[in-house]
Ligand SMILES: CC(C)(COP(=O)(O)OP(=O)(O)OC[C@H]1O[C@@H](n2cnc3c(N)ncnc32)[C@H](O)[C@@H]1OP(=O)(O)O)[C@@H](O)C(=O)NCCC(=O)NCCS
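Consider the single chain below, provided in structure tokens and representing the form predicted alone.
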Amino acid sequence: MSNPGFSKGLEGVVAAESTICKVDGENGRLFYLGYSIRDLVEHCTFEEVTFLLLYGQLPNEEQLEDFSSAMRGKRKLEDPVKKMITDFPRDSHPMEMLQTVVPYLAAYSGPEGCRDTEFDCLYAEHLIPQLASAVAAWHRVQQDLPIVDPDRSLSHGANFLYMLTGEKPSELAGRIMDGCLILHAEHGLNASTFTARVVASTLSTCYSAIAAAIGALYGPLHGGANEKVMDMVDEIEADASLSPGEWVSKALSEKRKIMGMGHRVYRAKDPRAIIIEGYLEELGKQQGDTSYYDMLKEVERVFRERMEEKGKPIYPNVDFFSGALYRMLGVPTILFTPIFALSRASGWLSHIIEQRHDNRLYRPSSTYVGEIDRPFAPMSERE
């Protein structure tokens, strides 16, 4: 029996009203609190955009100075948190570590009362810099290297690269990393953000909501797509007999999916992909190696030509160029999804705060399609 109110995966169902993010899929535009993503990336730091997401307005000079100073002062991990990361099983995925570390950060870095359901989630903003430090620390431990203490003089993105590699990045690399974090900070009611709001609606703690969101992001259908793009890039590089364009044609003839192409919402080129594409070209020129940029542009060109022949215009999404860019910044592939998490933390927290301001418990219904009145057999009669 069909159910006219049923929407599998809640597709198309409006579950919340929000002032935080507008995704204009038809025209390929993205807005945070009404501001164009391009304006924010070109003119703001990640800390500035985080202030916008948490407080609903861009800071003035004095507010930004105070906020940035406070955020940078919260980067250093407490010793028990470092020990937890050091002792975490070496064969685990960093997303498992990241989800586990949130309660530690709440206990050792959060203000008193953070487990209270009436706790002001704005006080949980320390999680934003601490998650970045935790990811960098995990990587250092995995490499049998000492954990690097943060540098308060560096931007959020530049400091992350410094704590990851132990070397201060170039001005360009730091600016690009900061820009990428802005681009991933928010994107409407996606799976992980919806998860955060569902948990927040129960009046559970802000930390529980963020830990749950990290779990949702871990899934390959949500946060791991740029890893798959780099698997494709590596495969193209390994097959010297085919050009990137020939590889695409062969893959399509075999009905294989071209990773990083297409988006569930955008019907134009993802505006984040346009910006990251520019970053990849700029960084490649600075480093004297544009091979990733050239390869991906050829893949994009051939794929789009084949799709347009079928009347299906499909464009790159944010993951198409970001993996190659991260690799050029010295970030290993296994950290791509954790970077997504540490940037999206500011967006999650913004949604948790908004949910609490006008809360209603999420309680959707389901259509039962199982059996009714099955005959019960005692244990002695069961086969």
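This is a predicted model, so every value here is computed, not measured. Numbering starts at 1 and follows the sequence shown.
Same protein, other form: the form predicted in complex with the ligand, not shown, and the subject of what follows.
Quiz item: Going by heavy atoms within 4.5 Å, which of 75-83, 121-129, 301-309, 195-203 lines up against the ligand in the model of the complex?
Solution: Of the options given, it is 301-309.
Self-check item: Residue contact check: Pro94 to the ligand in the model of the complex, 4.5 Å heavy atom
Solution: Pro94: no contact with the ligand in the model of the complex.
Quiz item: Is Arg267 close enough to the ligand in the model of the complex to count, meaning some heavy atom within 4.5 Å?
Solution: Arg267: contacts the ligand in the model of the complex.
Quiz item: So in the model of the complex, does any heavy atom of His263 sit within 4.5 Å of the ligand?
Solution: Flag for His263 set to yes.
Practice problem: State yes or no: in the model of the complex, is some non-hydrogen atom of Leu252 no more than 4.5 angstroms from a non-hydrogen atom of the ligand? | Solution: Yes, Leu252 lies within 4.5 Å of the ligand in the model of the complex.
Quiz item: Any chance all of Ala225, Ile258 and Ile314 sit within 4.5 Å of the ligand in the model of the complex, going by non-hydrogen atoms?
Solution: Looking in the model of the complex, the three residues Ala225, Ile258 and Ile314 all sit within 4.5 Å of the ligand (heavy atoms).
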